[in-house]
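Have a look below at one chain only, the form predicted on its own, in structure tokens format.
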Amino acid sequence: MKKTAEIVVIGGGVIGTSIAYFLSKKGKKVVLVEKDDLASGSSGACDIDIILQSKNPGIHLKLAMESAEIYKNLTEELDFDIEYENTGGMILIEDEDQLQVMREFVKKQKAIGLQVDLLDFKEASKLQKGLAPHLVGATYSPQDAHVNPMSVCMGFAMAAAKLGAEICLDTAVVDIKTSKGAVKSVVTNRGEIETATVINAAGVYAPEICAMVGMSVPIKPRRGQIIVTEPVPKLIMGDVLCAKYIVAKYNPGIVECSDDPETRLGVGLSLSQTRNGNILIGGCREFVGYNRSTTHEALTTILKHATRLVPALKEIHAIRSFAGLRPYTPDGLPLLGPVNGIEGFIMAAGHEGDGIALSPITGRIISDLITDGKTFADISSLSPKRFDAWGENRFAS
């Protein structure tokens, strides 16, 4: 392992490897450190969706659309099969109240430039087989896509390595040394790396890295559970969510206070089908610390909800399940950029369930900020400094 580096990236998921790639592409000497293996955290325990329809209108959706454009040519750029497929996607609507919410959501998304429309039940049924007859319709966008997250992670890492980056696995960060308010080195279990720039891309473990420099950030793990079915012939048209998924994603207070198990667990439909034919059925949103176990209650509730909306799933066997942790933030947006008080310490974490979709654009943004001091869009709303005013981003005395 090198003893010096221009930049040290902490985290070997899709965010960290993307940043390492885009920085290496600009000629920077990068060392990426990961305490376990590539994609061993959230990037290896999620679904395959690059879904734009679930993003809040505003900077969130704008960046997701830019990221989606990068994905179109990423296989060729990385010279690695990331299993990208432009599938399209839909959000199922169960009742008139949901329809009204989604009508307004779609209106705002279309104003930003997303190709998305409202469909009635008959139109939705032509795109997705086996829908429940009580559904009143769906939204549809042809811009949603699929990708293999672990392949994305591996592709970024290998491309970065070809450009000169050093990828250090089984390398845990144990301390970050600072002097006069600036980063000086990163101490790992395999040695110390002198550097003036550290990028915290550690996902749900980003708060632990922040604590090493006396800083706290409001990133919390939010568990999601997914069921995997046996391989079956093509059934799911692309990315299929439900309107309740949107509610669970952006309204955690409502979710936690409910007496209804489905609402309390943050259950919202998420369906996708892999290249091999396995269907991924999710998901839920739970604040249970760093517990990555699956639970009988959540899995049965997820399946009950999914089969209510898509009864065709009842005839398919489930073969396994898994859980992952999303890096949640209070406003649903990631922390991107430098922090107050520590020169050379840069955040790139807090993407919650949008890390896969936003990984390419995150790599581009962070590399732009480091090499050029600016990026193509106004990302002031994503600055870690926004939490200073909330009293949630504090430095230890």
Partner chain sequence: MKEEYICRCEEITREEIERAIAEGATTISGIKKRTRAGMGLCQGRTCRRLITQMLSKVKDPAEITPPTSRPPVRAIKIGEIVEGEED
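Bear in mind the structure is a predicted one, so any value in this text is a computation, not a measurement. Positions refer to the first chain, counted from 1.
The following text describes the form predicted in complex with its partner chain, which does not appear among the structures shown.
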item: Option from 98-106, 313-321, 214-222, 71-79 whose residues, in the predicted complex, bring a heavy atom within 4.5 Å of its partner chain; value: 313-321
item: Contact test, all of 38, 300 and 307, partner its partner chain in the predicted complex, heavy atom 4.5 Å; value: yes
item: Contact residue in the predicted complex, chosen from 92, 202, 160, 281 - any heavy atom within 4.5 Å of its partner chain; value: 281
item: Answer option from 120, 208, 170, 260, heavy atom within 4.5 Å of its partner chain in the predicted complex; value: 170
item: Contact flag, residue 115 vs its partner chain in the predicted complex, heavy atom cut 4.5 Å; value: no
item: Interface membership of residue 229, its partner chain in the predicted complex, 4.5 Å heavy atom rule; value: yes
item: Distance check, residue 292 to its partner chain in the predicted complex, heavy atom within 4.5 Å; value: yes
item: Contact test in the predicted complex: residue 145 vs its partner chain, heavy atoms, 4.5 Å; value: no
